[in-house]
Each structure stands twice: as C-alpha cells, then as structure tokens.
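Before any questions on how it binds or moves, here is one chain, the form predicted alone, in structure tokens.
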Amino acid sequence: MNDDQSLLTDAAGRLFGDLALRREEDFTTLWTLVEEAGFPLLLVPEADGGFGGRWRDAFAVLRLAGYHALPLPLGEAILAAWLLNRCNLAQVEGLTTIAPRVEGVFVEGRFTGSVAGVPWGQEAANIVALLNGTLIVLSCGDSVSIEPHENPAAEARDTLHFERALAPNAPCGIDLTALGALIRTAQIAGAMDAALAQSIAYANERVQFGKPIGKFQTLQHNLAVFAEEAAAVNCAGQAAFAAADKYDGVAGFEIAAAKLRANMAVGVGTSTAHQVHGAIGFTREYSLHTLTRRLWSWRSEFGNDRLWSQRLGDQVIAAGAAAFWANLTERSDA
C-alpha cells in the first residue's frame, strides 16, 4: 500500500466508521457526506473531475465499506460514474446507482420498461442500466411508478417503471453483472473480516466454566477456519481488482473466481459467527446482524454460486485442458 492509498483508506475508515454509528439518520444527510468527500468519483480520471484512482484503490475503499456495514450505495455509485466516463457520457448530478436487471425496449433514444433490484432506487436521482449492448442513463424523476423492495439486510432494492423516458446513451461492451460482482466481493471481504474480529472479541470476553470460551480448542479451530475463509476472500478479491486494472475492467475469469470464492466463504463465516455468539448474535440490538444479513444478501446479488460456477467452467472448457495451467499462472500475475 503506497502513501496515497494509505491516506485514502484512513479517510474512508474514519468516515465510514462514523456513518455506521449514524445509520438511523436521514439517508440524504449521510449520502451528502460521502459525496462531499469525493468517493463516488474514485475511478474517474482527475482530468474529468474525479479522484483518478485505480481498481485497487476501489477494493481498499469498498472493503472498508463492507467492514463498517455502510448503509449506502457507494459501490454502485462508484461503478456508475466509471461506466459513464468509460462510455464518454457526462456525469450527472445527484446519487447515481445501477440497475442489475432491465426489461424493456430502447427506441429512438427513449426507454419503455422496468429496472429491478435497483439499490436505493427511491433515493436515487439517476440510474445507469445496460440493455442489449447500450448503456442508458435514466432520470428517476421520469419514472411512472416505483415499487419499494428490500434485500434481507433491509437495504433498498427497488423496481422502477418507465414509459418512453428520454435517456442519454452510448454503446457499451462492459459486463455490468461482472462488475457488480466485483464490488460485492470487496464488500464481502470487509464484512467477513469485521464478523471475524467481532467473534474473536466476544470469544475472549464470554466466560463459561470459569474461563473465556475462546480458550476451548473446538471453538479455536472453528475461528481458525473462519479466518482462513476470510483471508481467501481477501486474496481472491485483490487478485480480481488487480486484473481489472490490467484489463481495464474486463476480467471475467478473475471476477468469476473471486465472487464464487466469496459466496462459498459466506456460509462458513456467518454460521461460525453466530455459533460463537450463541443466542445474543440473533438479536436486533446486537450489531452482528448488520454484517451477517448483508453477507447473506450480497452472496446472491450479481450472481449466485450456480451462475459463477457455470461461467468459470465455460471459460476453462473453452480454453481446453492444455491451456488451463498456463492461463491460470499468467492471470495470477495481474
């Protein structure tokens, strides 16, 4: 980590930690603080008014967002700004998020249809969506109606309907699902680390049969496995973000491997965390659920185990057995 990234993560850690403590406050108030700090423009070049960061920087920031269970769509806003810049579209005012699912038609610059699973769609000013190789920018003020929905972590995942909404657009060959999965991988890495730290702290504080439960060998073993899973997600995530830097965001193999590995780790990490905490871990008053409910939600967002297993397998089969090891070692040098 260089000096610039250290300054970036220090600032992010302080801000996100403060916002996590204020999660019950008004959304607009919290988001304004993030926007004023410039984090949504992290991947936009300085010449275009952004921070000029790399994907590696985005991993460090989004990992901290996951660690603090930040109740804001920072990853989505970072991705939306990057997509607009990469496709030579102007940045737009206000919170801009992304649409994981799109159904409809885009004719003569106008979109009719719906976008679903939109993070904080009710709060957003704009939505970036990808339809048949075209990136479109929808103003939420043009929506016909909004259906509020939530994921298991109570994060907004709304559906918005549009009727002949005028939308700036540009050709785009980017895989939005893959980049969404990349963001979720970084958040999962951070939340896994936070849940592990909280579990270790509780194990060292909770006394049973005259000594901290963390002294029992079985529990130590379970926490060690948890730590291995968290480390694996962090390694896979860093490799995927490094590949995104190398291949300008087009890193399908690395992203598939990272998201699949992260999804697999979530089950082990969350079950261990709740087993260590016992009944208290399931209470709303205790903070563990802010991490584990997000982990359960993020595991299925932007591709579940089946999707990424299929994509990974398809790429390996297409390359052929003789190319497997050579491709794997070459990509690991990203």
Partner chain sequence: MSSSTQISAPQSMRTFRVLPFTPPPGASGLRQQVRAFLADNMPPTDAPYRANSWTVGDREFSRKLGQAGYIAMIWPKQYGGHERHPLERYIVLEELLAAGAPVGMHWIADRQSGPLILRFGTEKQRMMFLPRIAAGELFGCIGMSEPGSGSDLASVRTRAIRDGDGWRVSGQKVWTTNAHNAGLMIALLRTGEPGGRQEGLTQFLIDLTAPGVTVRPIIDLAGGHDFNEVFFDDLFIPDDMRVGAEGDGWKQVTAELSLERSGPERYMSCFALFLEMVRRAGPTPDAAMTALIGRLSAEMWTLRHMSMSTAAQLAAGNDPTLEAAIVKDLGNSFEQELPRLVQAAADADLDLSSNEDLARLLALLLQISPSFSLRGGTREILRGIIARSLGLR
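The model shown is predicted, which means the values in this text are computed figures rather than measured ones. Residue numbers count along the first chain shown, from 1.
Unshown form predicted together with the partner chain; subsequent notes refer to it.
Checked against the partner chain in the predicted bound form, the candidates 88, 132, 204, 208 yield a single residue with a heavy atom inside 4.5 Å, and that residue is 204. Shown without its partner, this chain lists 264, 166, 170, 250 as candidates; in the predicted bound form, only 264 has a non-hydrogen atom within 4.5 angstroms of the partner chain. The three residues 81, 187 and 282 each lack any heavy atom within 4.5 Å of the partner chain in the predicted bound form.
Residues with any non-hydrogen atom within 4.5 angstroms of the partner chain in the predicted bound form fall in just one of 151-159, 134-142, 114-122, 219-227: 219-227. Interface residue remark: residue 329 is counted as part of the site for the partner chain in the predicted bound form, having a heavy atom within 4.5 Å. When the partner chain is considered in the predicted bound form, residue 296 lies well away from it, no heavy atom lying within 4.5 Å. None of the heavy atoms of residue 58 is located within 4.5 Å of the partner chain in the predicted bound form. Heavy atoms of residue 67 reach within 4.5 Å of the partner chain in the predicted bound form, making it an interface residue. The partner is not shown here, and in the predicted bound form the stretch 94-113 never reaches within 4.5 angstroms of the partner chain through any heavy atom.
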